[in-house]
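Starting off, we have a lone chain in the form predicted alone, written out as structure tokens.
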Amino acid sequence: MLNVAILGSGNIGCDILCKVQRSAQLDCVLFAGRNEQSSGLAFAAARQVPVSAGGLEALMQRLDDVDLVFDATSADAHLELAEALRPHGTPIINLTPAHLGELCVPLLNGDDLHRAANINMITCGGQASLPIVMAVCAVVPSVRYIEVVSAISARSAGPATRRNLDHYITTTEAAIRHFSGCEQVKTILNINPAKPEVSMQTAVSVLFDSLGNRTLGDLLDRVHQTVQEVREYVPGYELIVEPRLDADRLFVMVRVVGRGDYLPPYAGNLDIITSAAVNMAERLAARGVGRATPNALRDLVLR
């Protein structure tokens, strides 16, 4: 069992709390924000969770009781948190779009990061697209361009999301380059005001030189397998356009319907990143990460 703290009392923090309380491996010992009137703090208090409006200062006072911190604040605030925790070795799961720490998609590298001091969950677009991107790259050997276009409901894009759009773009593109090795990458995010609200959809387009000796059937099999593996921790992840080939262009689209833990199901963009973060914490719990390993973490250099 890991004792976790959640920093940030907005939508993402509240959704993480719901998922943590459902987990048999995680226990929330502190839920901290900065606004005493925050509805998120009231929500957590109603769930019998220790809360504080003291933000980072409150966390530092309780740090001896905390094995792991979920950071659901902002890219700028994350830099302050990471610097404060570095001497103590308390691992962070970073849900902000700050480009800091080990880039993580649980399906791709979640079991390799048990010694990481700072685990970067990238962005919702990164969590939705990268499993598909890597499924394609595993079959197609000569990818030369990757484009990811995500659309989310305007009602699921809160003030923090809108303030961090530049970080979203740069972090998502950096993650796609990191995992795929392809340098030519473009990321687009559309905030859709449609009523009724639309669920998150992510389209992946890939340009390549040749399929070599592989077939469209190979691609279909790999993509279907990947979607099923993601669904093990994001149940609302689904393939809505199977891989389509048009000369040297491949197109795939997925949709994410949220579990409706804190926000409505159309907020799949929040659900996929909080689900991935909690799954990552559970993987760390299974590896015994926590207060037993602070010395090993303390000397790691944040990237």
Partner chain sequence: MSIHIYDPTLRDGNHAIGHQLSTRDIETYCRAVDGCGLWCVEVGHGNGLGASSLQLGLARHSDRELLECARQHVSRSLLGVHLIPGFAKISDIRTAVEIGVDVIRLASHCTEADLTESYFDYARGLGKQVHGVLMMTHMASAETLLEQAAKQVGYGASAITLMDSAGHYDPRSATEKIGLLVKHLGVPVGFHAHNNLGLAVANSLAAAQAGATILDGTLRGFGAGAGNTQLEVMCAVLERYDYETGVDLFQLCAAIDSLSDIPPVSKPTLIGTSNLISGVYGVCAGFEKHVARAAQTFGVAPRLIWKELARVNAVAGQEDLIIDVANRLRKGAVA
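Numbering follows the first chain given and starts at 1. Keep in mind it's a predicted model, so treat the numbers as computed, not measured.
Below: the form predicted in complex with the partner chain, not depicted.
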Non-hydrogen atom contact Asn118 with the partner chain in the predicted bound form at 4.5 angstroms: no
In the predicted bound form, Met253 touching the partner chain (heavy atom, 4.5 Å): yes
Thr226: touches the partner chain in the predicted bound form, heavy atom cutoff 4.5 angstroms: no
is_contact(Leu79, the partner chain) in the predicted bound form, heavy atom dist at most 4.5 Å: no
Heavy atom contact within 4.5 Å of the partner chain in the predicted bound form, the stretch among 228-236, 201-209, 132-140, 84-92: 201-209
Single option in Asn192, Asn109, Ser74, Ser180 placed near the partner chain in the predicted bound form, where near means a heavy atom within 4.5 Å: Asn192
Non-hydrogen atom within 4.5 Å of the partner chain in the predicted bound form for each of Tyr145, Asp166 and Thr187: yes
Neighbours of the partner chain in the predicted bound form among 134-154 [non-hydrogen atom within 4.5 angstroms]: Tyr145, Glu147, Val149, Ala151, Ala154
